[in-house]
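Below: one protein chain in two forms, given as structure tokens, structure 1 then structure 2.
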Structure 1
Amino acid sequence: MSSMATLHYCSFYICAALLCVSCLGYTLIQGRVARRQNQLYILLLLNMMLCALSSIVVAFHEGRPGAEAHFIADTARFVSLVFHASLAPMFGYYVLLVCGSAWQLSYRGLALYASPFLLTELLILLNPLTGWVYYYNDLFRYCRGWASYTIYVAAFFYLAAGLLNLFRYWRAVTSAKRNALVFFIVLVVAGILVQIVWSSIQIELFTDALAGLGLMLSIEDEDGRIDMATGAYNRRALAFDLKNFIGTGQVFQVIGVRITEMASVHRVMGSSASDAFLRAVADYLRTLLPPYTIYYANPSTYIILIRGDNEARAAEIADQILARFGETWKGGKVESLLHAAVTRGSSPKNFPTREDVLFMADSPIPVKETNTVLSGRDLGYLLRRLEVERALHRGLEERTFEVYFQPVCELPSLRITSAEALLRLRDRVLGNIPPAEFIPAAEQAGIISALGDFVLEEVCAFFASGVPDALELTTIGVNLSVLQCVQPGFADRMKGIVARFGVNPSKINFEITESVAANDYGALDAVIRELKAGGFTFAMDDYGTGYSNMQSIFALDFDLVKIDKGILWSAEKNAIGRAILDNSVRMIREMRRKILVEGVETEEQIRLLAKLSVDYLQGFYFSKPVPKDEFVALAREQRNQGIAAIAQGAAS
């Protein structure tokens, strides 16, 4: 063959080598080197590149005259075979790694898996002595020996093993990944078959390299899995990896790190500061653990997954993380102490399903429990949470939710002029569950809207009965969770419900609590505007409990502000508390909103508030929240007996 013809013959090798170099460069630039899967991928590329280069050397020297040419050809042939024979086993193992099943292989399993590979390599290494794999005839022509076919047999074994494994763990691998893997296995097999049938078309390495490129684009690419702000894996990646770990029956350790004051950092210092703190925590975690074990699961929680059953090591790491939270963190230019609640458990022992891990990531952690790592029995709070969630579903099914009413009295007459609707759940298994417990659980479980609809329907049915009008109630307050308000179609649903009962929307006063994260204002503002335009009224609830930015709070168009009981109670205790109450009342009045004070329990408090001339009072002094009939009886009794007149003595 002329040099030109040889070059033509080599073009597939050259392309293969170029492809491998490009993939290698890109992979290294992207820094995808941390995981075992990444490292094997890089080895695969290097291996293919060496195969291609040695094959080119073979092509240029084989069959040429001279002992030197023969020696070079022989050596290059030998090298190329040594590497070539390891390609399929490496690729097969790569598939096992991607599927997550490689982690289950015991040493014996691994030895068994490697034995065809070791056998072919042994045959190749012995070839200089035996000539079983290949030999040169008297004319220095290359000839295949019987053992050369063992290389193909082994290659098919590994590709088949990869495919079978993929089918076995079909559901544990994301569909994009498994489609890519199937496609590339088929491509590689096609390359081998073409080359077996037409030995002059040296296409096999090229199809291998193409598959390599495909793997880089489809499987090694992790951009969609990374959380931009923190550099950790995102929640989607967590969900997929958990599915994979659990689907392939792996044992693994889970550590949860919840930064407890992230929401207030966000509110007080803004989103860039809170991002900076989050990044600082992620950076710290990466000094303890490989980056691919760290996931940013929700706005304040990192989840760490460590393969294997080494609980002691996980416990050590968890303790170390908790200890670090005793020191300050630097978020950009700001320094601050952050507190964390650290939880730890293992799967399948503590977390048998993926949902259990995600549930832990999303569930609030009892506040008092932030100075020890919660593990084992301490994770009981999650069970309670789960039970509450079940109770919620039971409550919806069995219609055991009930709406209670608490009177709201006007100053100075102390007449009951409105009420607040408060949800109650008496479960047949858990007994009474306080709303402070079941409302957040309902938000987490995604059923808060159903509860909200139920409360509004009950209130509307009450109005439709005509009783509230007979009692001259102006409005009834209905609590809304912010989560519920920003769901699509919320305003229309609310309008639909009042229309269905024929109730005038101005009778409904929606209460929204003050502690709204700053970034929700836009959406919330739009909903409030729309509903106000429809005739509903709004109250800001729990004023004085959050850290909100007053300006943005008052940018929302509330009719009424409900001052939290905490403010009233501390006003009685000391001068500072008193000043806060006075100032709050003055400021809200300047904003031209009506004022209600909650938590009124004593006559003294009534006197104090009458002096400040707030508009409405609500509290146990008048009544606890009671069932509808009791409330009606109470309001009737007040009208008939003129209790207002008696109570007025207390107010003056």
Structure 2
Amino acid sequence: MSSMATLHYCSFYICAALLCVSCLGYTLIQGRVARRQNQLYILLLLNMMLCALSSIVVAFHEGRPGAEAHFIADTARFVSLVFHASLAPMFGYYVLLVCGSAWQLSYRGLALYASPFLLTELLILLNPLTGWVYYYNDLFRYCRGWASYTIYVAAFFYLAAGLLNLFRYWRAVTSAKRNALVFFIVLVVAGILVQIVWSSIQIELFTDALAGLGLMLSIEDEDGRIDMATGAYNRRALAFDLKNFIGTGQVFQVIGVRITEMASVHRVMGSSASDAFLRAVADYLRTLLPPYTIYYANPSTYIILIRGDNEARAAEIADQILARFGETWKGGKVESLLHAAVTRGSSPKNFPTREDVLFMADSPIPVKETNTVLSGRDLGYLLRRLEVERALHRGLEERTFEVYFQPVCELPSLRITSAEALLRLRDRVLGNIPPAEFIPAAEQAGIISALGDFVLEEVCAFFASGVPDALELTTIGVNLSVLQCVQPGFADRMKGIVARFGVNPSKINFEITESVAANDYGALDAVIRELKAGGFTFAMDDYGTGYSNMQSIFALDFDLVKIDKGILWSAEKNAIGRAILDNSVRMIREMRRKILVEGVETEEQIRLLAKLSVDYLQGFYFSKPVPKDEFVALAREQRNQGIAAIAQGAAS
């Protein structure tokens, strides 16, 4: 055979080798070598490359005269068979790793899995003595022996095992991965069948290399799984891997690291500094654990997944992480002390479902629990949070929510002129749930808009009854969550609800918490302007509790500013508190906003605020939030007393 004919004969081998070299180079450049799956993929590429190179050597030396050429061809063929017989077992085990079931194999299971491979390798190694796998005839031509077919049988066994395992854990693997695996298994089987039927068409190794290229593009490529800012795996990767771990019944440890100040760091220092701190934390975590175990679950939380039931090891790592947060972190050119809440549990013991782990990542952690590792029974707050979410859904379905009203009185008459509508929930399972607990849960669960609509509808129905007008109430305040405001069509929905009940929009005073309003002036300003153009009024709630008081008032067109009770109570205690109250009132007055002070509980406070000439008062001195009927009775009694007093004065 001429050199050109030989080159043409082994063209499939050359193409296979080039594909393997390309995939290997790209994989190493991308640095995808940490996981066992990555390492096995690299071994697969090296194996196929060695098989291809050995087959090329065979093609150029087989049939040439001389003992040396025969020896080289025979040696190369022997090497090729040794490596080629391991391709199917390696590919089958790769499928097990992708599915996640490889981690369940015991030593005995691994031995059983490897037994067909070991048998075929033994037959190949003994072939120089037996000639069972292949031999040369009198013309020194290669001939298959009976044992050569055992290699194909073993190959089909491993490919079938991989396919059956894939079907077994079909739901534990993403659709893209399982479709890719099925396709490439079929491609490899087709190559083997062609090679068996038409031995002159040397296509089997080429189809193996094509499958290797496909695996690189569809499974090994993890660009879509990486968070670019931190270098850790992203939330999408976390959700997929949790699905795989739990779907295959794996036991694993979960560590959560919540950095409690990231929102304020971002606000005060900017996004570049906060990103730098997050990278610093991720870099530290990578010194403790392999990078593929670390996930950036949300803007302030890392989740770590550790396979196995070694709770002691997980506890040791959690303690190390918590201790590290006792030192400063460097974010670019800035150093700062960060605090973290560290949680630890295991699946399925503490987290039986994927949603449980994601719930832990997203749920706020009690502030008092930030200096210890929460584990075991300490994770009860998660169970409580989950129960509260269920209660929220029950409340919407069973309509067990109720709107309470807290009176607002004007100065100097102390007459009830308006009220604040406040949502309450009494659940048949959990009993009374305070708003401070169920409102954040509703925001996290994505049902805060439904609650907001419910409150507005109840207030509008109250106005439509004519009772508030009879009581001479000017407005009723309805609290807004910023999550409601930024939703598309929010303003139109609010206007639609009010129009449906035939209520004058000027009767509705929307209240936005000042610290929330500071987050996004642009979006809130657009909403406020649109609704104010429709006749609604707006109040800044809890003035003095946020981060950017002045900016909030100047940036957003509020009609009323509600001064937080903390400022009033501090004014009674010391001169500094009094100065803050005096200056706050003077500044708001100069900006021509109405002023309401919350937390009024004593007559001394009323006299103090009367001297400052604020407009409205609210607090337990007048009434705590009460059901609608009690509020109506209270307002009606006060109004009747006022009318009686006027009549008595006229008579006298």
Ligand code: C2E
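We call the rigid core whatever largest set of C-alpha positions still superposes within 1.5 Å between the two forms. Residue numbering: structure 1 sequence, from 1. What you are looking at is a predicted structure, and each value in this text was computed from that prediction instead of being measured.
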Which of these two chains, shown alone, is the form predicted together with the named molecule?
1
Please indicate which of Ile124, Tyr94, Ser54, Leu382 marks the hinge of the motion between the two structures, where one rigid part turns against the other.
Leu382
Through how many degrees does the small rigid part swing between the two structures?
6
Once the two forms are overlaid on the core, the CA atom of Ile580 shifts between the two structures, in angstrom, by 2.9
